[in-house]
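Single chain ahead, written as structure tokens, the form predicted on its own.
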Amino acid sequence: MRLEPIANPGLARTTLPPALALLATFGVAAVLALVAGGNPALVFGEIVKGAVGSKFALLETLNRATPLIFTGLAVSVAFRAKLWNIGAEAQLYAGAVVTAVLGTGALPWAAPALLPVLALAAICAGALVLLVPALLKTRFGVDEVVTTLLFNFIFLLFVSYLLDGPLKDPMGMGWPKSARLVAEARLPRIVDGLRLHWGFALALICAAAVWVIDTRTTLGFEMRAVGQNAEAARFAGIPVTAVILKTALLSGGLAALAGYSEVAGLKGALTLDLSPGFGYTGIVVAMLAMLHPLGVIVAALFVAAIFVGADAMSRNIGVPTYIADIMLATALLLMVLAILLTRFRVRRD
């Protein structure tokens, strides 16, 4: 048995395997629902109802999707250039830390000036965090999977130190959290009285911008070329090292915007549990989107709907919310296989 590359896969070849992967994911979830003592149709119905069944549920789904769009974009940009960024969690917290430091009164400016400055500072922080593994990769050949993954743990410990030390809120009654951001540093709500904020609109703008970069700019062409064959790209005169470093800066900056939006738009302060794994879930989002920047929006909404809907479903009918985690893990594994089958066919020697 061997894998044979497909030169020009048709529409059916590129769409059928991913569609079957999603159907198989729901099939696995249905079996798990039965094992848990639930009716699969009722479980899926409650998930849909809990995710989009009301105005509040829909806006909560959009709210949950916001950081996933940022981290999904960060992963898709990096993976397309074969820069295996597993450290979006660290980059997210880098953006959150900078937002908390500058947004609690360090810059006494009005909101129109302060908000873009905070966003830019967060982007720079996240970009620098990923730049270090990228430099280690290009200069010394260090595997970025290891370095970016370890940065997640290092940065979480660093944030823990900050929240128990320099950034600890003196009015927080001993809880490890930063002081609250000033009103001028908070992203306004899209709908008054509900939690959805303008970070969601920023995420959509970033997805459109990444699509333009990917399809309409020289950098996008160079990133795709390096990802497909770095040696061939180098032979053609593309500066591979420079492209990888630029990719790292873009990817890290996008992930950091997730931390910025969570602190400035939702939480209002930095906490150690700011992210329940948005950086890691961004990998699932990017793979479900097949690394397409506009597909990231759809994938992030899908993943967010599963999480939000599963919470509501568990409260209503008692089926554990872990079914959502298993669904996403299964979807990731099957989607990786589906992507492989869109590019290769199995031949028997």
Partner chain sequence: MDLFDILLSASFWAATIRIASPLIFATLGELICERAGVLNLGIEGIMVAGAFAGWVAVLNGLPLWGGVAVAMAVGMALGAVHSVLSVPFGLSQHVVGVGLTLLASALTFYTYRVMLPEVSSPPKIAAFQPYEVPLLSDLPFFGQALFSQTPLTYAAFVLAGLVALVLYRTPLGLAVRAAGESPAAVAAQGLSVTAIRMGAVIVGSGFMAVGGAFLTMSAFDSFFFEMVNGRGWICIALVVFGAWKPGKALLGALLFAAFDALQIRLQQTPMGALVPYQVFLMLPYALSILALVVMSRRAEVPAALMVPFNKGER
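Numbering follows the first chain given and starts at 1. Each form is matched to the other, and the largest set of C-alpha atoms that superpose within 1.5 Å is called the rigid core. For clarity, every value in this text was computed on a predicted model and none was experimentally measured.
Unshown form predicted together with its partner chain; subsequent notes refer to it.
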> In terms of non-hydrogen atoms within 4.5 angstroms, which of the given stretches 247 to 255, 221 to 229, 154 to 162, 105 to 113 touches its partner chain in the predicted complex?
Replying inline: 154 to 162
>> Can you pick out, from A208, A183, A236, V145, the residue that has a heavy atom within 4.5 Å of its partner chain in the predicted complex?
In response: V145
> Quick one: does L120 come within 4.5 Å of its partner chain in the predicted complex, counting heavy atoms only?
Replying inline: no
> Does L128 reach its partner chain in the predicted complex, with heavy atoms at most 4.5 Å apart?
Replying inline: no
> Is V97 close to its partner chain in the predicted complex, meaning a heavy atom pair under 4.5 Å apart or at it?
Replying inline: no
> Going by a heavy atom distance of 4.5 Å, is G45 a contact of its partner chain in the predicted complex?
Replying inline: no
>> For a quick check, can you give me the residues of 124 to 142 that have a heavy atom within 4.5 Å of its partner chain in the predicted complex?
In response: L136, F140, G141, V142
>> After core superposition, I'd like to know whether L341 moves between this form and the one not shown (criterion: C-alpha shift of 2 angstroms or more).
In response: yes
>> Would L58 count as moving between this form and the one not shown, using a Cα shift of 2 angstroms or more after superposing the core as the test?
In response: no
> After the core is overlaid between this form and the one not shown, has the C-alpha of I317 moved by 2 angstroms or more?
Replying inline: yes
